[in-house]
Structure formats: C-alpha cells, structure tokens
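One chain is shown next in structure tokens, namely the form predicted on its own.
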Amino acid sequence: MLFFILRRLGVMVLTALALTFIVFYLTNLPPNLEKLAKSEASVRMTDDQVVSWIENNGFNTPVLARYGEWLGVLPGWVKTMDDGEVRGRCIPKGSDAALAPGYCGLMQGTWGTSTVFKKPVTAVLARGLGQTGWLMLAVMLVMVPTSLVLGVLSGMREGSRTDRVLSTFAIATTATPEYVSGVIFIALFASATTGISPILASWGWIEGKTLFMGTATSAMDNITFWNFALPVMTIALYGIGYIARMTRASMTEVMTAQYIRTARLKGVSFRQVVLRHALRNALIAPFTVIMLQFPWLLNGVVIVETLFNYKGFGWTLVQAAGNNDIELLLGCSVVAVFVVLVTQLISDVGYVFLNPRIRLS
C-alpha cells in the first residue's frame, strides 16, 4: 500500500506540472500579455509602448524560464531601468532591492497579486473557496443520501414500476443542465410574477413577494434556508440523477449474484439480504463516483454561482477569465488541479480498502 501511494504521488506531481504548465502557457500568450499591458497601463498605448511595458515587467523572457520563476525553482527576474530604479518579480514597488529575496514563486507561498481585485491571490482564493466550501457541503449533504436511496430502491427490484419511475427521474435530472434547472427554479419559486410565489402571497401564506430568494448574495454573510436552497437544489439535482443511475446499475448486478441467490434459498429474508449482503458490495462502485463529484462541484459551480450571484470560487474564476487576470487564473488552476488529484487519490485508496480483491492482487 505504501508503494502504491508513493507511486500515485509521483504521478500526481508530474500531472500537476503538466497541467499547470499548459495553463501558464495559454494565459501568457502574446495577445493576453498585450491586453494585460493596456489594462494595467493605458488603453491608448502604442505598439512600441506595449512592447516596452512587456519587457519592463519581465514578460519577454522564454516561457519555460517564466514558468520556473512562477513555480519558485528559478530566481525572479531583475531589471534596472533607465532612471536607475531596480524592478523585479521579487521586489515590491518602493522597497529596497537589496533586501528582496531571490526566489518568490509558488513554492515560497507567493502567488502574485490580482490585477482585478488589487489583493494577493491567496486572499482572493481563500475568500472564494470559503464561500464555495459551504455550498459544496450543503450540496453533498443533500445529493449523496438522496441519490443512494433512489439508486438502491431502483436496483432492488429491476424492471418494477418503482424502478421505471425512479430511472426516468434520474435520466431527466441528468439530462437537464444547471443553467436550465436554475432558471426553472427561479421562475417557479423566486419570481413575484410567475410560479407559486404570487399564489402563496395572495393567500397570505408567505411574507413578502417570493417564497425563495432569487439571489444568494445575502448567503455570503448569513446562510438561511430561503437564500441558499435554490443554488443547492440546482447543483444537487444534476448529481442526484448521475449517482442514482450508477448505484442502480451496481445494485442490479449485485442482486443477481450467486451468493444472493444462495442466501435467499437458505431462507434469509429479503430485507436482510439487501442490508447485510447486497448493499455493502453495491456501494463500492458509487463510492468512486461520489469522490469524483468534488472536482466536478468545484468547477461546476461556475454557472450556478454566476446565475445566483454567489461570489465563491466559480464567480472568482469567471471574473479572472473575463478580466484577463493572469495571476488569479493561475491560482485558480492550481486549486482545481490540486482538488482533482487529491480526490482521485482518496478515491483509489478507498476503493482498495473497500474491495478485498484489489488488495489481494
């Protein structure tokens, strides 16, 4: 097991380097650098002034060298201006160049400064990840138990009416993207002119004009059921159908196994067969699927957070991409790659513990 984990860690490091380099290369293409120069200096800059700004800010060096500086394995660039001022990656504006460190990259904890928010990237990401963390926790608490129950009930009796109804529901939810279900939920529950809110308001059953809030901005300071339910339902609905289908397929396969038939022939009740024999083995495959929902949630909340104006990680990623914030985009890519690789490692290790056949092999 130790050798397995060490080997996976080595693969994770190589994968992280490859993925972050691809993102670094794409964000540092010449058109992006020219756009950054004009947004940071002046939109009326001439081509010569743009070239001069790129050179004076260390973007004219080879991309591999800049990637090494960003990682912190190579010393940061240093340039002496015509007026004698010394600039560099590791030299804050107005500070003494002699006191500046030689290395200031990702490995040293220096992630750069966001050009949009004018704050350190780590501070912006910490705020966004904190907000998204609460959203992901609420979604998992709703999505996982609901999908497992639906999948088990559907797979217990393959081909029954319950199976057909639940399978149809699962397929419908999986086929409905978040931007469609989110708009439907807003129209049904958070609109003062359509849906059930005007009816409930006319009957005096709700205070105000809408049952739920159509925006989750207030949930950033105070989470309540009424301002957090719609984004949670929007994200969870898609995942419920996917996990339920996987659980149903696994449960159906287990229920037709030979040891289940043997238990039934020995007189074991159907309830005991499901709970003590089938359920444990049927949950091995859905465990991997559930673990892979974490990176999907982290990157899939982009649409939902934008739709409900919830300023989490997804909203931050949209702002960084829309405003060509290179440092913040790179920071978002590091977080996304880290979450994907760590959840895959946990999934593989957990699968090994759950499935004895893999341990023996």
Partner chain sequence: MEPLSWGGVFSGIFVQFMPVWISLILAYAVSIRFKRRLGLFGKLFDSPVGMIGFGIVMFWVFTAVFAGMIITMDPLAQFSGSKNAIVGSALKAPDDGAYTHFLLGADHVARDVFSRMVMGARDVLKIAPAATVFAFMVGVTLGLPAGYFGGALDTVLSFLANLVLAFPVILLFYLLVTPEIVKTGIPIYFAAVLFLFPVIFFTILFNSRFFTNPPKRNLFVGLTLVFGLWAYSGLAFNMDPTGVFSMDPNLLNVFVSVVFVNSPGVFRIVRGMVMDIKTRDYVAAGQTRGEGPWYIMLWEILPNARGPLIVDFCLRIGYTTILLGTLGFFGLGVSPESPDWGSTIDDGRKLLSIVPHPALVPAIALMSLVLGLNLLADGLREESLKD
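Residue numbers count along the first chain shown, from 1. None of the values given here were measured: they were computed from a predicted structure.
Omitted here: the form predicted together with the partner chain. The next part is about that form.
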Seminar exercise, completed: Among 68 to 76, 183 to 191, 274 to 282, 225 to 233, the stretch whose residues bring a heavy atom within 4.5 Å of the partner chain in the predicted bound form is 183 to 191
Exercise. Which one of Lys209, Arg261, Arg164, Arg157 is close to the partner chain in the predicted bound form, taking close to mean a heavy atom within 4.5 Å?
Worked result: Arg164
Problem set entry | Residues Leu150, Thr343 and Phe353 all lining the partner chain in the predicted bound form, heavy atom within 4.5 Å | no
Problem set entry | Contact test in the predicted bound form: Leu9 vs the partner chain, heavy atoms, 4.5 Å | no
Exercise. Does Pro177 reach the partner chain in the predicted bound form, with heavy atoms at most 4.5 Å apart?
Worked result: yes
Exercise. Does the partner chain get within 4.5 angstroms of any non-hydrogen atom of Ala37 in the predicted bound form?
Worked result: no
For this session: Report yes if any heavy atom of Ile303 sits within 4.5 Å of a heavy atom of the partner chain in the predicted bound form; otherwise report no.
Result: yes
Problem set entry | Residues in 235 to 266 close to the partner chain in the predicted bound form, defined by a heavy atom within 4.5 Å, in order | Tyr238, Arg245
